[in-house]
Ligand code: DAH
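Next up: just one chain, as structure tokens, the form predicted alone.
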């Protein structure tokens, strides 16, 4: 069976499910339809079960199509389930009203897990004297690339990695652009963090979305040292993630020299090796390094007088690691059954 036939089957299953899921459905019927389309022996799960037998390119296309169909069916199911719950509750109350019963206590709101981790991150860094700064989400290529020593031929500038608008501006791919703007506007010494949304042209899967949240950090002073960077970041992952084992590895990033990656012991397998950590026992958490002299020159700071270090971390990923969430899409689904667990 070729990929077109498989994709057609998936599309037909999704369309049929949307027709069968309707507001006239009963709770029993809702569960039966859900089992037919997302149960163990459903068409979609059978396709995933046999996906290893397809060619790599077909496997990728079919896998994405099945996952998107499952997400849409799951959302429709959850919405109808909530509607039926409210409808039945109202019906039961209307049958008999006891005026002596106490009122129904409304559930208090709670902070979204991404916001909670961001607040914890901001609180931790401000306690060490860091200032929170912000910048525009729509950036120029100068601040997003040029001023960060990212050359014209770098893969990050490619249209398959970065979104480009018709006016030549781009949705920023990282909040490092805020660091450059801050160095231009303020004189060192500097201690700042820049939280915010970023955008990249990436395939949507369990660990990637085209929009994500990131926190960049920058420290500039006359006596800034690599040991300061390592001490701050080790304290960060211990505070935010409860990490017990850490390691630094050499890495290359155009805007730092030397560059490092901070890894923590895998929170899912505790260092034994699993599919999440690619059986290495370690998970990369924070790219970092000493600010490249050319970045200082772009910002008008004398690299012979000042040193600095920078780091960046996606706090969507921190949420996944902190709460053992294995699918990033769950955090953005708006599904109360998921969010109420936090």
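The shown structure was predicted, so the numbers you read here are calculated from the model rather than taken from an experiment. Residue numbers count along the first chain shown, from 1.
Below, we turn to the form predicted together with 3,4-dihydroxyphenylalanine (DAH), even though it does not appear here.
Comment: 281-289 is the region of 295-303, 281-289, 25-33, 55-63 lying near 3,4-dihydroxyphenylalanine (DAH) in the predicted complex, near meaning a non-hydrogen atom within 4.5 Å.
For the options 239, 81, 191, 200, the residue carrying a heavy atom within 4.5 angstroms of 3,4-dihydroxyphenylalanine (DAH) in the predicted complex is 200. Taking 255, 219, 143, 125 one by one, only a single residue has any non-hydrogen atom within 4.5 Å of 3,4-dihydroxyphenylalanine (DAH) in the predicted complex, and it is 255. 3,4-dihydroxyphenylalanine (DAH) in the predicted complex comes within 4.5 Å of a heavy atom belonging to residue 174.
Taking the partner from the other structure, 3,4-dihydroxyphenylalanine (DAH) in the predicted complex has a heavy atom within 4.5 Å of a heavy atom of residue 310. Residue 214 belongs to the set of residues with a heavy atom inside 4.5 Å of 3,4-dihydroxyphenylalanine (DAH) in the predicted complex. Within this chain, residue 160 lines the site of 3,4-dihydroxyphenylalanine (DAH) in the predicted complex, having a heavy atom no more than 4.5 Å away.
In the predicted complex, the Cα atoms of residue 198 and residue 156 sit 3 Å or more farther from each other than they do here. In the predicted complex, the CA atoms of residue 166 and residue 156 move farther apart by at least 3 angstroms compared with the shown structure.
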